[in-house]
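Just one chain is shown here, as structure tokens, and it is the form predicted on its own.
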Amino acid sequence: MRKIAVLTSGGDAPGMNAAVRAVTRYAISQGIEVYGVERGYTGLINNNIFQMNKRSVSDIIQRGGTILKTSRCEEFNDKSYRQIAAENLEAYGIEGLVVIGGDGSFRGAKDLYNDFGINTIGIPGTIDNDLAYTDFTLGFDTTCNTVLSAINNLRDTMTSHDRVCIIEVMGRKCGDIALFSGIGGGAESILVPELPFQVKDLIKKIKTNQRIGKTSDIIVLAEGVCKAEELKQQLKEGGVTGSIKTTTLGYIQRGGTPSMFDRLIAAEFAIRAVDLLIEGKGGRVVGIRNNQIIDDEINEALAMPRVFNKKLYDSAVLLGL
């Protein structure tokens, strides 16, 4: 393995820069030339490829986002565009590609490997923590801490004014951000897309709290359940009295300085990814399972059904009583 490339694809996640840095510096230490690809698969198609050195990744480990930029590339679903990308890599003599991204990014890596024999290794970079094969994805921990900080601040003012606050967080299909940050923030209620909920039960809980003297409630709502304003209207129609406030955190959850944990697994993921390429292996993804760095065949990883942590959710319900 003489030359490899690295790209970031899909939604940005804190820790992507740390992973790019680790891939670059570790590969160079092994005598491998490293190339960066700007704007993900779009950059592969448009030949936005440049050689990197150790200084190219200086002073980025603490930065959110990605210095390589990112995009969502619908054209990559078309094999003719993937062929252009493969030819661009071959023109540089690049033999391996590290893809940092989520489910859609991994599918692009799988197609490059299956269709053109390019050794691709995936590093899970997505704040949603929605890849079943790995316990944690890059950026998830930082995002949860960002949400936790917001919950802490909002609780102060909600308690001062005896208010109910609905905090809407990201998570269209995966409720892990809501679940983990909600537990950490001591939320009274956590609503996730994996589990149905009855608004009448939530209303009953809030009214019970008010009756026993608890006049403020924090509800953490994953966006895949409904919108915060929609839930607020349902609560009012159900007879919840007093002030109900909504806060939608939005893209603030994507940015920010990556946590120690995200920086650590970024380095470990990157080293395993480069080692796999050195061994001549492709079509694989790296991850963390039971506190151990692992790698799986990409088709198997993408086919794994995601299992929601119902036990953790049940514990959250008990703690929120």
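Not measured: the values here are computed from a predicted model. Sequential numbering from 1, following the sequence displayed.
The same protein also has a form predicted in complex with adenosine-5'-diphosphate (ADP), omitted here; what follows describes it.
Comment: 75 to 83 is the region of 75 to 83, 243 to 251, 173 to 181, 218 to 226 lying near adenosine-5'-diphosphate (ADP) in the model of the complex, near meaning a non-hydrogen atom within 4.5 Å. Proximity of residue 104 to adenosine-5'-diphosphate (ADP) in the model of the complex falls within the 4.5 Å heavy atom cutoff.
A residue is said to contact a partner when one of its heavy atoms sits within 4.5 Å of a partner heavy atom; residue 96 fails this definition for adenosine-5'-diphosphate (ADP) in the model of the complex, lying far away. Although the partner is absent here, residue 111 lies within 4.5 Å of adenosine-5'-diphosphate (ADP) in the model of the complex, judged by heavy atoms.
Interface membership of residue 41, defined by any non-hydrogen atom within 4.5 Å of adenosine-5'-diphosphate (ADP) in the model of the complex, is confirmed. Taking a 4.5 Å heavy atom cutoff to adenosine-5'-diphosphate (ADP) in the model of the complex, the contacting residues in 1 to 38 are 9, 10, 11.
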